[in-house]
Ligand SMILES: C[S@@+](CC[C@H](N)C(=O)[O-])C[C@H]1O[C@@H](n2cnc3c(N)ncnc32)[C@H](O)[C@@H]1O
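The form predicted alone is given below as one chain in structure tokens.
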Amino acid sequence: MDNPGKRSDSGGDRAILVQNMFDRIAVRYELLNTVMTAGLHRVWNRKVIGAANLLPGDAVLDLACGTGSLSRDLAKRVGPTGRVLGIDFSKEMLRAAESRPRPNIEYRFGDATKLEGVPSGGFDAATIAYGARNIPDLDALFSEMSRAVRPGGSVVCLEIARPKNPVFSAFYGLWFDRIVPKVGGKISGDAKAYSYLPESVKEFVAAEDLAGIMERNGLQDVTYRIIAGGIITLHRGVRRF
């Protein structure tokens, strides 16, 4: 059986193609997120923050931070005495994030599966939103997230999923498979990028498999919630003491 933590399409060529795609759509990425989710992505950000059990003064690692939407919300939660480190592999996404600076956020270019310069146990929580499905080696991703947080620290993953409920599944098929590629392509000027979205969701591991990957990479008490009618999954685990 194939290892669900390391998908067969994990070649460097795909990574470069995805990286280039995010570079191309960075300027209008947040606008399109708002359009595609009807603004609900901000609600889902708050669920990530709640799952991370953050307190004022905490340090948070936000992987695949993109243009910084979640990073900024995390920074508000931890306050001026806390800090957020956002890491992404798209320089143009980071450029967009840095155009809206906050004193307690630092952005870095980097690989989420090989966190060079990130100390072990240096964070109270680590988060990733909408980025895990773009990373072929999920074992490496969650191993690094686990390493980066202190014992007892939280690791949280928010991701798009395909709903199983027939009603929501029908809506999903219409919205994500048909409307989103057309609207995304028109607004961004890059139809191929927004055709990638539904395809990447179809290829991603099942929620229960993702929980297993987290468990075998240093996390315990792993739980997940299926929200928004099954369109979103929210996983949480705690680094072993």
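This structure is a prediction, so every number in the text was calculated from the model and none was measured. All residue numbers refer to positions in the sequence shown, first residue = 1.
Below, we turn to the form predicted in complex with the ligand, even though it does not appear here.
Peer 1: Okay, which stretch from 78-86, 149-157, 109-117, 96-104 lines the ligand in the model of the complex, with non-hydrogen atoms inside 4.5 Å?
Peer 2: Among the candidates, contact is made by 109-117.
Peer 1: So which of 172, 44, 29, 204 gets a non-hydrogen atom within 4.5 Å of the ligand in the model of the complex?
Peer 2: For this set of options, the contacting one is 29.
Peer 1: Check whether residue 66 has any heavy atom within 4.5 Å of a heavy atom of the ligand in the model of the complex, and answer yes or no.
Peer 2: Heavy-atom contact with the ligand at 4.5 Å: present for residue 66.
Peer 1: Just to confirm, residue 135 within 4.5 Å of the ligand in the model of the complex by heavy atoms?
Peer 2: Although the ligand is absent here, residue 135 would touch it in the model of the complex, with heavy atoms inside 4.5 Å.
Peer 1: Do residue 33 and the ligand share at least one heavy atom pair within 4.5 Å in the model of the complex?
Peer 2: Although the ligand is absent here, residue 33 would touch it in the model of the complex, with heavy atoms inside 4.5 Å.
Peer 1: Would residue 163 count as a contact of the ligand in the model of the complex, using a 4.5 angstroms cut-off between non-hydrogen atoms?
Peer 2: Residue 163: no contact with the ligand in the model of the complex.
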